[in-house]
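One chain is shown next in structure tokens, namely the form predicted on its own.
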């Protein structure tokens, strides 16, 4: 049984892109592998959230992980900051992570360009913390999107470098986890090819959105000026609507609107009303579970405590081994 680690930043609600892109697969994986799923609140500090926002966002992500089907009795579901050993390993790895390689990281260069007034050390060393998150549990597999592949490559670099420096095989090099089924790419409502909470407002359908919010977002979704000639190629925004409909609507519904598009008789307003209704029906069970969990503080505290205990048991074992390898004396 392989060890798998995955985390999500505690920056608010999960959306349909998170759900179809990874979480549905996590639910299956937890029965097949030794899984650690964590809420990355340390990572979110690079954006300087207020204490209230940080606490609320961590709680919300925990709720939505559970509502989506992660079973804390089977998988280890924990909050990153509840495992201080992660911070210690982050420090130890940073001693052998070099400025040049960190500055060459694509995501760091993107952040420097987009937020020049907030180029903090946490952004620069983000890949080191990510590596600590992974190898603290000696994970061999990590489910990552395309945008995180470079970070995973750096995690392998740090693991292999530690092994070479200390002539050990302490850390197995982690590799990308390939799901059995093809990942579903969920497009955004703003005409972009990716649904993401960091994109323009209204781009994502969140798992906790109510009917009113979903209808409002979908009805505002970007389309084009109207049907052109029969059989004309779709613009990206219109293709997005059909892709979304393919995820939440029946095949008959998709076929009907595809026919009207090809005949140049489609009415985008009608299509968006149908899509909104189908999204509401799809997310309703998730939202019901979210509301029930939101009202059960005692259970949430139990889940967080249990996750921290299981994660720390694994992390402490690794840190004891690492400290001995490095040469720290036992206290």
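Residue numbers count along the first chain shown, from 1. Since this is a predicted model, take the numbers as computed values, not measurements.
Keep in mind the form predicted in complex with a small molecule is missing from the figure; the text below concerns it.
Mind checking whether each of 7, 134 and 151 has a heavy atom within 4.5 Å of the small molecule in the model of the complex?
Every listed residue reaches the small molecule in the model of the complex, so yes.
In the model of the complex, which of 122 to 130, 220 to 228, 256 to 264, 88 to 96 comes within 4.5 Å of the small molecule (heavy atoms)?
Result for this chain: 122 to 130.
Would residue 40 count as a contact of the small molecule in the model of the complex, using a 4.5 angstroms cut-off between non-hydrogen atoms?
Yes, residue 40 sits close enough to the small molecule in the model of the complex that at least one of its heavy atoms falls within 4.5 Å.
Is residue 142 one of the residues lying within 4.5 Å of the small molecule in the model of the complex, judged by heavy atom distances?
Residue-level check for residue 142: yes, a contact with the small molecule.
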